[in-house]
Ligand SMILES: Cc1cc2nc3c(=O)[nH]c(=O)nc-3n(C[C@H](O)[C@H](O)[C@H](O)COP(=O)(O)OP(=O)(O)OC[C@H]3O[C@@H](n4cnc5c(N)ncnc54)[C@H](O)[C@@H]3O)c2cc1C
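Here's a solo chain for you in structure tokens, the form predicted on its own.
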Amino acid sequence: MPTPSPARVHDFTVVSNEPMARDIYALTVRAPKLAQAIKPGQFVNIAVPGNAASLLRVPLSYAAADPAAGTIDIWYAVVGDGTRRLSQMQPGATSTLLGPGGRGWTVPEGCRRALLVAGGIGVPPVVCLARELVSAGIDFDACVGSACADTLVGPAELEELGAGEVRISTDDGSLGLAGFCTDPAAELLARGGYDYVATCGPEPMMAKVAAAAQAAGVPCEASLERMMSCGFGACNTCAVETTHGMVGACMCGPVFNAEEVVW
């Protein structure tokens, strides 16, 4: 496991915290030093006030960082007590977060076109990567999926960033293709022309994307979700089985070479 962790504790102030879809919020915090240090694909661990019995921080990916403004944009789903309390933090509220955590995306040298595949709340790190691709002059397409239209986020931002095309899928068919985003992803990969695939979302989805990328001979990275309780490799609660053995997602991930993950 790599050492030492790059994560440090930073004070933050809430700039805004607004709903962007059903049970999904966009949080902007001011944490100047972290905004300058964090890289696409890394994560933060937030101490959410409001429950003295809750000892663990909430690990979350991020969608954008603005070093000049000293801010970080974090999209998150309300799925439990910690994120429910987070959704209640108002502008001006303060706390601490740990970051930058883990290993982010590694775009291959010479990459000219990438395919980004995201499902559900796996969209933020993919949107963050898209910003990096644009700054590097790399073209990209995207496939985005969600359970239904009410919980879909990301397509508008990816289109605004200049995606060649954005394929939308919803499980219930309420928007875009009825089904999973793995189907249009496999179709695009079969068409060819990609040098890199990046995916984040439910693990079965990522396993299918990884298999399609491997069949197409395209390198693929996957951002895995785990309960990264400490955020710096001490607690062993975020283990991922890889071809090299069990490793911690908070230090060796959350972004992994998809061919090294034991799906």
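Predicted model, so just to flag it, every value in this text is computed and none were measured. When you see a residue number, it is the position in the sequence shown, counting from 1.
The discussion below concerns the form predicted in complex with the ligand, not included here.
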query	finding
Contacting member of 188, 127, 121, 133, with respect to the ligand in the predicted bound form [4.5 Å, heavy atom]	121
Listed residue that, although the ligand is not shown, lies within 4.5 Å of it in the predicted bound form (heavy atoms), from 60, 220, 38, 206	60
Listed range touching the ligand, judged in the predicted bound form by heavy atoms within 4.5 Å, from 191-199, 220-228, 30-38, 206-214	220-228
Heavy atom of residue 138 within 4.5 Å of the ligand in the predicted bound form	no
Contact of residue 93 with the ligand in the predicted bound form (heavy atom, 4.5 Å)	no
Contact of residue 176 with the ligand in the predicted bound form (heavy atom, 4.5 Å)	no
Residue contact check: residue 81 to the ligand in the predicted bound form, 4.5 Å heavy atom	yes
Heavy atom within 4.5 Å of the ligand in the predicted bound form - qualifying residues of 240-263	254
